[in-house]
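Heads up, the chain shows up twice below as structure tokens, two forms, tagged structure 1 and structure 2.
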Structure 1
């Protein structure tokens, strides 16, 4: 294995070096770095050209410029990277760190969401192959996949940002709006839950009626400006989760799983009170720590009380604990929302990753960043949804025809076990490769998305560098994306070996 990795690393370095040479030559010949000065009438034009020629080393031959760059980069091995300066005299290493962090914030959440939802949709459509749901979802994912980014961004801004912000001033629904929403919701629910015609009709009627009642009620509560969950809400919802979790796994009669779950709920309620003031002004580490405890302690309870069903009890309790923690956080976010609306009357932003000079508590800042991140995340996630869902679907269908699946079914395993334990795991192998590539690609930045939403990330750095015929930022971009591509490629190979017992290197 080690020999394999080292061999791959060596080859990758060679490839990077050759590619960097090629790219450097292409960039410095991509245009005229003095172009913007040539149409200027200022009397200091010649002086400006001479100065730029000097500080950008334009008078040196191409190999000299490349060599200067290469020696600077080779200092990276001594951990003293010198990536040079850009056309504006700024240190490219500094620019890179700013751009990379911006891009990571933008793409990580979108990639994770796209992967989770894409895989889930893929499994669902594979299980219900050739159903209305399958066709509908396939149609939608392809539609999303082929959306022009700039156009979709404009639409999102128009309706989700400007439209929502206008609406939130005085939230309300007209009767026709309520009817349409109820109908659509009812329709979607019957598509998802499926069943016989009678069953579908009942599902449709019940869900539509629920929405038809719930929306006027929420409007009456002024829920959209003053959302509330409250203790009772948390208790009811977490009990529902604990009971459903138990029911889904072993049935509510099984006390070895039910009791730890119920104890978790009780503990969670106590913690809701205990942490109340702490969570009104928390910090990131507190939330992460709390999240770990909220999973770990119920897990331990499940471990000690689960007996024979220890593993199931652990999962159910941990999940209940996590849901409780999430509900508690949601409750605090709800409490912060009215104050946030006062600070930022138009909450959803169309530009930038944060409101400049925004002053507020932790939750206000959290909401501000979240509201700015919302649109680009939706856009990026929706667009990459298609590839994940299609690959998962194909992979699931292929695995579903294997002999071992038939064997699993014929020995009487439940459909759920067959799908998740036997089919899904094996179907994930090719998805791992795609995810690795996808992530490596996304680090390169989403040029258009960054552009229309006013984020300055890697894509923007590359594009600006290229327009100015400024090699240093372009090469820095290449270093990061090139290395990421090589690295993730290798990780995917290693991952293969771990996932697939047939592969041994």
Structure 2
């Protein structure tokens, strides 16, 4: 494996070098970086031209400028990157660090959400092949995939930002709206749960009735301005997650997996009280450390109590612990929401990655940045959703025709075990490739999204560099996206070996 990684690194560095050379030539020949100053009638025109010439090394031949840039990039191996200065004399490395943190915050979250929901949808549609659900999901995913990014961004701004901000002042639903929402929810539930006609009708009626009662009750509680989760909600949801995880893997009758998950729920309830005061005003490192413990401790419990199913017990317990930690954080976010609305009456932002001059506590700042992150994340995730869902569906259907799947079924294994313990793991191999390309592609594709939503990220830096024929920011953008593509493709190859031991040979 080490020899393979070294060979891939060498080939990748050669590709990056050739691509950087080609891109540099294209950028410097895209126009005249001094064009605006040549047309200027300012008295200090000559001084400004000399200053810009110094910033961009325009007194050197093109190959000298490229060599200077390449020498500066080589210093990155010693953690002393020198990416030059832009057209205004600003250090590009400093600009890149700020822009990359903004863009990666957006792209990582969008990739994770798209992968989770896309893979889940792909598995579901593969299991329910050629059903109404399959056709409906196929239509919606391709619809989202084909939407023009700029148009979808404008629609999100109009309805999920401006419309929501107007509605949250006095949240409420009219009777026709409640009826329509209940009918739609009932229809979707009967599509997802399927079954006989009688079962579908019962599912539709129960789901529609539940929503028809729940919405007026939530309005009466003023839930949308004063949301509540509380300990009871956390217990109910965490128990549902523990039981669902056990049921989907080995079945709830298997005590070796069920008991560690239930113990994790009990520990989570204890930690809810133990950490309550700490989480009222936490910091980022406290949340990260808590998240690691919330996964590590339950995972260890599952490993030691799981017996012959220790791996399954470990993953179910770890997932339950992570979900409990997320629910605990959500509870504190709910508690901070009324105060946040007082500081920012129109919570969903449409421009920038955070509200300028916003002052508040940790959760207030968290909610502000989350609200600014919401719309571009939804946009990028929805666009990527189609790729994950379709590739997962195709891969699951292909794996389902293999001999070992038929053998597993003929041995009497439950359909749940066949799908999740035999088919799903092997179906993930092509998805690893999609995830690797998608992450690098989203960084490049975020240019339009960042422009529409006013994010000062890598996309904005790239577009500005092209507009002003400034190669340094453009090459910095290439350095990050190209390196990300190489790195994640290599990680995908390593992930193959973890999923399929035969590849290690």
Partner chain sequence: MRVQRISKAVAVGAALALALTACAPGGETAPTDSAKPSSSSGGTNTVEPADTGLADLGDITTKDDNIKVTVGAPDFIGYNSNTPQTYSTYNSAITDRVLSGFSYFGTDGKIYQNKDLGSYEKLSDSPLTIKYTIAENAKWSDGTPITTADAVLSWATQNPNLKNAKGKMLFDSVSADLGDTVPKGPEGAPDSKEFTVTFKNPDPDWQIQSWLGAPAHVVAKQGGLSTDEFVAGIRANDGTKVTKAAEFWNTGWTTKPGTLPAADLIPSSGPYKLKSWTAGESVTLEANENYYGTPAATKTLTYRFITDDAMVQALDNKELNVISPQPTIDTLAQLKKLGEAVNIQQGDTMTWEHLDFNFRDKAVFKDSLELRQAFAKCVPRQQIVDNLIKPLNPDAQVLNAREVFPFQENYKDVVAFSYGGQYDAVDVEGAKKILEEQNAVGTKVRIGYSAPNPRRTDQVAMIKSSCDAAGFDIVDAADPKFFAPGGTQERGDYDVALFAWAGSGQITSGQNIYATGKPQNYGEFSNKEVDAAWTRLATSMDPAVHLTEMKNIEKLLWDNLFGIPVFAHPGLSASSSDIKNVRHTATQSQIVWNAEQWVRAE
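Note that the rigid core is defined as the largest set of C-alphas that superpose within 1.5 Å between two forms. Everything numeric here is computed off the predicted structure, so don't read it as measured data. Numbering follows the first chain given and starts at 1.
**Student:** Choose the one of the two that is the form predicted on its own.
**Tutor:** That would be structure 2.
**Student:** How about residue 424 - superposed on the rigid core, does its CA move between the two structures by 2 Å or more?
**Tutor:** No, residue 424 moves less than 2 Å.
**Student:** Establish whether a shift of 2 Å or more occurs at the C-alpha of residue 48 between the two structures, with the two forms superposed on the rigid core.
**Tutor:** Shift at residue 48: 2 Å or more after core fit.
**Student:** Taking the rigid core as the reference frame, is the Cα of residue 156 displaced by 2 Å or more between the two structures?
**Tutor:** Where the cores coincide, residue 156 shows only a C-alpha shift between the two structures that is less than 2 Å.
**Student:** Just grab the Cα shift of residue 230 between the two structures for me, core aligned, in angstrom.
**Tutor:** Value for residue 230 between the two structures: 2.7 Å of C-alpha shift.
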